[in-house]
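In the block that follows, a single chain appears as structure tokens, in the form predicted alone.
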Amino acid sequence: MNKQNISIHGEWSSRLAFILAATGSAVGLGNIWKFPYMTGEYGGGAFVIVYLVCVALMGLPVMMAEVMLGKRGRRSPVNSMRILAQEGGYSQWWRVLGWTGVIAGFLILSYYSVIAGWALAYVPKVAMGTFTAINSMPQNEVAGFVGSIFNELVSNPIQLLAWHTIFMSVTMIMVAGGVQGGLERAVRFMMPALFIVLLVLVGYAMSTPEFMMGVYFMFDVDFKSFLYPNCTEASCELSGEGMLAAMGQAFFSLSLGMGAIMVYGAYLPKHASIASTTSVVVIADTSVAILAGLIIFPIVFSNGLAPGQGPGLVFNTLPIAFGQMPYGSFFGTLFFVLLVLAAWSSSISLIEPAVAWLVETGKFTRISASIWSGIAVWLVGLLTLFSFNIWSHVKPLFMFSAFEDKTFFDLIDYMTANVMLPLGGLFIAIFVAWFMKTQIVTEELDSSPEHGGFLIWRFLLRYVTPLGVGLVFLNAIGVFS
């Protein structure tokens, strides 16, 4: 390994530290907040199956490739791609792949911080027993009461601004601490604790009257309604929207294509196994998403709620459980605290690529890079923050039929999760599988070119990922209609 491939930012202290950090990057609001409401919006079981297939056939291979690029380049995504392009004698245009990852992570964090602020706001609400009042209410009034508390929060821009500011401030402090002093220390206790609380809440969900209905909703597969959502007696129109959403969620949930996994790979110890570490991360991440669904949908159906409530689903369902269960205020407070911590573990990975690049320019210390990056994210986050209240009527691309109903938040969410992340994953797959020399790839993966696992991985990366992403995109833009 030559000098330019030695990290200037430090390394994880161990393979376990990387697993916790990468799992922390993947596990967060994407699993507990977004996965359930996306499953609800796209009909349940078929979405879950397509999501799992995308994780297995595209997510895991791309994550291995992205970690490998970071481990080989040992820099920010921008400079790792520059170094690797130079090493192989390829075009410097490959640096654009690094830039798109940094920009995607930046944009995602801008709205991620606002949503995490919702969770942060719920910590004192649950701790003070706000939702225990539902025990004395008629069942048909419970959902309306909980919904009114959530609507009051998101319609108040001053409150949202305060929570958004607090969340981003803590993010900057943790990132400024460096790899081991900040990033690693932050995730060492977060993820085990989150799994424990999730299992406790699954136990509660199993006691609800409609637990099996929730299970049925998540795993009963109806591909006809998934692929033909607008069927009428006269005609059925094929739609790739659900498949695009499932693929985008797979990439979003695993933090792929946004620079986070690549920059974390840059801090991976030299002799750590990429295949085994990424497999553990993918299994842990997917398990959290499934557990979140098994918690939320039984509560949804047991309280007569609709599963397709959109971004507010978690905040309209879990408080009902905490208000009714024994020691609900304690477990509810613990859950939202850990949800915020999980969100922070993701947010530090989202901003780290930009911070690492600024440090590498030589014009910023890590502290100043963290501050300026955080301020920029905070400012862009105002677009999302106001999308839920004073700018809720603003549809910036109203002149295009595909985007006429989308607010700033909807646009940022759609463009990052459904366009930038899958395309980033696509070009990562193309670069690693078609451009990088086999000798370099096998060296980083500690494998031989004839090994069965390597051949399967490269086949998925060469053919399945490009074909899958390409077909879904072509269908989404109407080529097959």
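Since the model is a prediction, treat every value here as computed from it, not as a measurement. Numbering starts at 1 and runs along the sequence shown.
One more form of this protein exists, namely the form predicted together with a small molecule; it is left out here, but the text below deals with it.
Tell me which stretch of 368-376, 105-113, 121-129, 389-397 has a heavy atom within 4.5 angstroms of the small molecule in the model of the complex. Result of the contact check: 105-113.
Please tell me which of Ala356, Ile296, Met258, Ala266 lies within 4.5 Å of the small molecule in the model of the complex, judged by heavy atoms. Of the candidates Ala356, Ile296, Met258, Ala266, Met258 is the one lying within 4.5 Å of the small molecule in the model of the complex.
Candidate from Val55, Met38, Val67, Leu29 lying within 4.5 Å of the small molecule in the model of the complex - any heavy atom: Looking at Val55, Met38, Val67, Leu29 one by one, just Leu29 meets the 4.5 Å heavy-atom criterion.
Contact flag, Thr465 vs the small molecule in the model of the complex, heavy atom cut 4.5 Å: Contact check for Thr465: no, nothing within 4.5 Å of the small molecule in the model of the complex.
Given that the partner is absent here, does Leu350 sit within 4.5 Å of the small molecule in the model of the complex, heavy atoms only? Yes, Leu350 lies within 4.5 Å of the small molecule in the model of the complex.
In the model of the complex, does Phe252 come within 4.5 Å of the small molecule, counting heavy atoms only? Yes, Phe252 is a contact residue.
Can you work out whether Ser346 and the small molecule are in contact in the model of the complex, taking contact to mean some heavy atom pair no more than 4.5 Å apart? Yes.
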